[in-house]
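Form predicted alone, single chain, as structure tokens, below.
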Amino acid sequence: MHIHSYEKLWLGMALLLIVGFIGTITYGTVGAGVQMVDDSGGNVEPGNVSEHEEFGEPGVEKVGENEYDVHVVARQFVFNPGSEVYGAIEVPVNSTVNFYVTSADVIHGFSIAGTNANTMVIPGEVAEITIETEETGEYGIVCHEYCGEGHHNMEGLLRVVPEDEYNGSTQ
């Protein structure tokens, strides 16, 4: 059986594309360090978030040398803490910040502009995200999942301040 040279060329190119796609997917899941959202953060009863040990009074807590945990509750249409209503999240520069985010009502998004923090916030689940604060500044927090008619106003602020200016609270 004779195969025309153009057919061989197109078959070779198609095979090369398939191998390239598989390589790209493999690199994206293994090589780039991308982590998928899972339920390792635990579960919270959405209706009783305000009674939960960590989410009853969400905020910033120092848990180690230059390490902080931040518990955030997303509600239509605010982040607690983080939004203008509850105050900005403030952490010192050169620290590791672990965010634990849950929702009390509907699906929200939680993304901190200029960082690797970007996750979906599902009622009843706790999303975990870790960032390293390497420079001072203000970083916007946005909800990137449509959560209702006030979604476009759902924003917050992460303030990274010099260590000598950090006072350990939300602002």
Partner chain sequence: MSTQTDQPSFVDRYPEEAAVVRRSLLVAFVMLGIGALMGLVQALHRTNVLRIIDSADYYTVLTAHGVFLAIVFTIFFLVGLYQWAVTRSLDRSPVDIRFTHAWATMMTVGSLMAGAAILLGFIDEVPVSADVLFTFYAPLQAHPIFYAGLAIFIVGTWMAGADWFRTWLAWRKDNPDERIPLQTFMVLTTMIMWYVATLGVAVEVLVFLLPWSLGLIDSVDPLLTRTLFWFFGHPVVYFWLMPAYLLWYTVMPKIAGGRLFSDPLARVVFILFVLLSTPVGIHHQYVDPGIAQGFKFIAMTNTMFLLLPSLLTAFTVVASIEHGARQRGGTGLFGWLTALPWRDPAFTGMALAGLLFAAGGFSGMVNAGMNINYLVHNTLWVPGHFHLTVGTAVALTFMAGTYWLWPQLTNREIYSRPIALAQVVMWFGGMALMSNAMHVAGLFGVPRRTAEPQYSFDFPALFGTIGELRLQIAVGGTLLFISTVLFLSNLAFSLGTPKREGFGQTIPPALSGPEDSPAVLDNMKLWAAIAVVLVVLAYALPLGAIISDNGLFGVGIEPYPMLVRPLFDWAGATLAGLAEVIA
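A quick note: this is a predicted structure, and the numbers were derived from the prediction, not measured. Note that the rigid core is defined as the largest set of C-alphas that superpose within 1.5 Å between two forms. Numbering follows the first chain given and starts at 1.
Only in words, not in the display: the form predicted in complex with the partner chain, which the text now covers.
Chemist: Within a 4.5 Å heavy atom cut-off, is Tyr100 in contact with the partner chain in the model of the complex?
Modeler: No - in the model of the complex, heavy atoms of Tyr100 and the partner chain never come within 4.5 Å of each other.
Chemist: Can Glu61 be called a contact residue for the partner chain in the model of the complex at 4.5 Å between heavy atoms?
Modeler: Residue-level check for Glu61: no, no contact with the partner chain.
Chemist: Please determine whether Glu145 contacts the partner chain in the model of the complex, using a 4.5 Å cut-off between heavy atoms.
Modeler: Yes - in the model of the complex, heavy atoms of Glu145 and the partner chain come within 4.5 Å of each other.
Chemist: Examine Asp69 and determine whether its closest non-hydrogen atom to the partner chain in the model of the complex is within 4.5 angstroms.
Modeler: Close contact is absent here: in the model of the complex, Asp69 is far from the partner chain, nothing within 4.5 Å, heavy atoms only.
Chemist: Scan 6-25 and note down the residues that get a heavy atom within 4.5 Å of the partner chain in the model of the complex; none is a fine answer too.
Modeler: The stretch touches the partner through Tyr6, Glu7, Trp10, Leu11, Ala14, Leu15, Leu17, Ile18, Phe21, Ile22, Ile25.
Chemist: Would you say Gly150 moves its Cα by 2 Å or more between this form and the one not shown, aligning on the core?
Modeler: Result for Gly150: no, shift under 2 Å.
Chemist: Fitting the rigid core first, would the Cα of Pro162 be found 2 Å or more away between this form and the one not shown?
Modeler: Stays below the 2 Å threshold, so no.
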